[in-house]
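Before any questions on how it binds or moves, here is one chain, the form predicted on its own, in structure tokens.
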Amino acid sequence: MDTTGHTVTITINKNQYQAVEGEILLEVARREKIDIPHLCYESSLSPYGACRLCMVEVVTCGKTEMTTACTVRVHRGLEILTDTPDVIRHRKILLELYLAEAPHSDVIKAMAIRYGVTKTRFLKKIVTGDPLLGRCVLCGLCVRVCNEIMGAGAIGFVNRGPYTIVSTPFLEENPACMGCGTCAAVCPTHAIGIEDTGEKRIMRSWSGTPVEMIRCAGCGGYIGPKPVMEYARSRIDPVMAEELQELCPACRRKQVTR
């Protein structure tokens, strides 16, 4: 918990908790082990409430209003209900929709089962050539992290409406991809496939885009994707000694401790 702000008392499900004024409600719930399902929240990105699964009820003067926990900022006297009948009903309908959107996602199936949802009334999405194999819920995390954190912009939303998918422009190999794998790291449904083949990292989900790997000059093992290594070196201050730049962390430690 950030201790630089003012600590306030909030109420969640009739129980009181301490939190820092201004922090995100969903972060408080996670810290206090209060179950609020979510798909699109990532602490390194600004919240935008795309998945709507984290809906909760805010109590104000005896009246309730439903909103997303990832966009609510903590303030003194905040009162929240996370498991009312209306909230549960909302989540069940959403999970049915996600079962239709991502029919092959084991993550979504597991989330749905927790709420007693085992099938969907909605038409299941079938997109020919879907690069994410029916496991994507279009939360946008991979697109946002590629743009906002890495600055690569290698992937984006393709097509419109029920035909929308995430992929590279024109579904072709994109040299802008750095092969960092950050997209896969933030994907809540583990839909993104990456394969290391030695000298190449193949971004299977991104039209098979190949990314060159760098080999350690010491042990001969592969360190990581060349674009990522160059990106990191350009931001190191002071500049790393040239004889260390082509070494893996283990060989680098051996070199500097001689």
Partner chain sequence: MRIASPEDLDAVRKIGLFKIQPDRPRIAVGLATCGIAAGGNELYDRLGSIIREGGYDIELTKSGCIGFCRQEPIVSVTIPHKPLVLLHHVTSDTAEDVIKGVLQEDIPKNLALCRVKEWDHITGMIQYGEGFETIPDYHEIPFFSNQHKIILRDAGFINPEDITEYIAAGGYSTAFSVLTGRDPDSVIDEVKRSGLRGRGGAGFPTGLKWEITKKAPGSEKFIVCNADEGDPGAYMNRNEMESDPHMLIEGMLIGAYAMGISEGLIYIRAEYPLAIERLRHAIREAKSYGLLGKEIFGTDFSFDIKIAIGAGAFVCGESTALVASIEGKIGRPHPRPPRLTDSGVWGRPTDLNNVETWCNVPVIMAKGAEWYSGTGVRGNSGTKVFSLVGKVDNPGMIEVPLGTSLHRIIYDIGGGGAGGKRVKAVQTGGPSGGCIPERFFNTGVDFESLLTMGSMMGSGGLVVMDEDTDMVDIARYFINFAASESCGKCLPCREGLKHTLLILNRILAGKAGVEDITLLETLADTIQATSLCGLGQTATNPVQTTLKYFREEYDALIVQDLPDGGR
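Small disclaimer: the values here were computed from a predicted structure and weren't measured. Numbering follows the first chain given and starts at 1.
Keep in mind that the form predicted together with its partner chain is missing from the display, and what follows is about it.
Interface residue in the predicted bound form among Gly151, Gly116, Pro175, Pro162, criterion: non-hydrogen atom within 4.5 angstroms of its partner chain: Going through each option in turn, the one that passes is Pro162.
Between the options Leu97, Leu81, Val107, Ala184, which residue brings a heavy atom to within 4.5 Å of its partner chain in the predicted bound form? Of the candidates Leu97, Leu81, Val107, Ala184, Leu97 is the one lying within 4.5 Å of its partner chain in the predicted bound form.
Considering its partner chain in the predicted bound form, find the one stretch among 30 to 38, 214 to 222, 44 to 52, 196 to 204 with heavy atoms no farther than 4.5 Å from it. This holds for exactly one stretch, 44 to 52.
Hey, in the predicted bound form, is Val137 touching its partner chain, heavy atoms inside 4.5 Å? Val137 belongs to the contact set for its partner chain.
Using 4.5 Å between non-hydrogen atoms, is Val59 touching its partner chain in the predicted bound form? Output for Val59 is no: heavy atoms all beyond 4.5 Å of its partner chain.
Its partner chain contact at Leu171 in the predicted bound form, heavy atom, 4.5 Å: No, Leu171 stays farther than 4.5 Å from its partner chain in the predicted bound form.
Does Asp130 make contact with its partner chain in the predicted bound form, using a 4.5 Å heavy atom cut-off? Asp130: no, not in contact with its partner chain in the predicted bound form.
Judged by heavy atoms and a 4.5 Å cut-off, are His90, Ile93 and Arg121 together in contact with its partner chain in the predicted bound form? The answer is yes: all three residues contact the partner (heavy atom, 4.5 Å cut-off).
Taking only heavy atoms into account, state which residues of 63 to 81 are within 4.5 Å of its partner chain in the predicted bound form, ordered by sequence. The stretch touches the partner through Met66, Thr71.
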